[in-house]
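Quick heads-up: it's one chain on its own, the form predicted on its own, in structure tokens.
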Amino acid sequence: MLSDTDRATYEWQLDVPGFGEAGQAKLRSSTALVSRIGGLGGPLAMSLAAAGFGKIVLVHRGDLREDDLNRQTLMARGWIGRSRVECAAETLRRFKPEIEVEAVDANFAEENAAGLVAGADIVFDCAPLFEERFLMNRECVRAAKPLIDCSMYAMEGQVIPILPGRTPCLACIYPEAPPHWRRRFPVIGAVSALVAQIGALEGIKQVAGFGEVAFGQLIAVDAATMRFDKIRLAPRRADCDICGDPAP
């Protein structure tokens, strides 16, 4: 049940058709995991906190640099040289003290992927490297956890909501990492934040149980022309190494 404080905080949100107190209670009882919390994951995590998730787990290794500050809006200049994930967690705690925030100063790797996913109800993938994205995808499929995959490059972005067993997983769509993909790429903070809000909304709808989540589709954004498209993906591949049907 919602408290009087909840009702006061989310008064306007509770009026959203199909959402109401039932949706708000589902958010409050849910844990969201966000990896990473840079130009995409930071704005996404802030929107999840504002929406009322009960717990948010932030996963990101490394210290804040000067060149992070054009897009990483949970950060502060005074934190340069210190842990990015701790800075992000502190920002969320100041914004919403009643929400539990866990900071993990590490990136997804073989030794921690299963444990991180096991503790979440939904995973938001904002990692720039396919190695990490594939790990999140694999563990979400194994644990039957919804995954919202978010990415961007320059003025373009995409969001892929994945529901194991029902939709193609990331490995169905990308059997191998694209050969041209690299760690450093052009970013305007407003573009990464735009893509982040689409990802946050897809996850909020999935957890709260209202609206229509774009499962089985890729949401594409071209910020240069302000064009938005939903592209129907091919069905889940029966021979996929991650989510395919087991051999008879």
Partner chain sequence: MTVRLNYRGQLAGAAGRSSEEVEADPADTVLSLVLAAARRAGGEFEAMVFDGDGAPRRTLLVASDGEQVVDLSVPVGEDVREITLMPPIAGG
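Model, not experiment: these values are computed from the prediction. Numbering follows the first chain given and starts at 1.
From this point on, the text means the form predicted together with the partner chain, which you will not see here.
None of the heavy atoms of Cys140 is located within 4.5 Å of the partner chain in the predicted bound form.
A residue is said to contact a partner when one of its heavy atoms sits within 4.5 Å of a partner heavy atom; Leu40 meets this definition for the partner chain in the predicted bound form. Contact annotation for Ala234: at least one heavy atom lies within 4.5 Å of the partner chain in the predicted bound form.
The closest heavy atom approach of Tyr174 to the partner chain in the predicted bound form falls within 4.5 Å.
Taking a 4.5 Å heavy atom cutoff to the partner chain in the predicted bound form, the contact residue among Ala220, Ala49, Leu194, Leu27 is Ala220. Contact annotation: of the candidates Val85, Ala127, Leu74, Met136, the single residue with a non-hydrogen atom within 4.5 angstroms of the partner chain in the predicted bound form is Ala127. Annotated contact segment (heavy atom within 4.5 Å of the partner chain in the predicted bound form): 150-158, selected among 74-82, 91-99, 150-158, 110-118.
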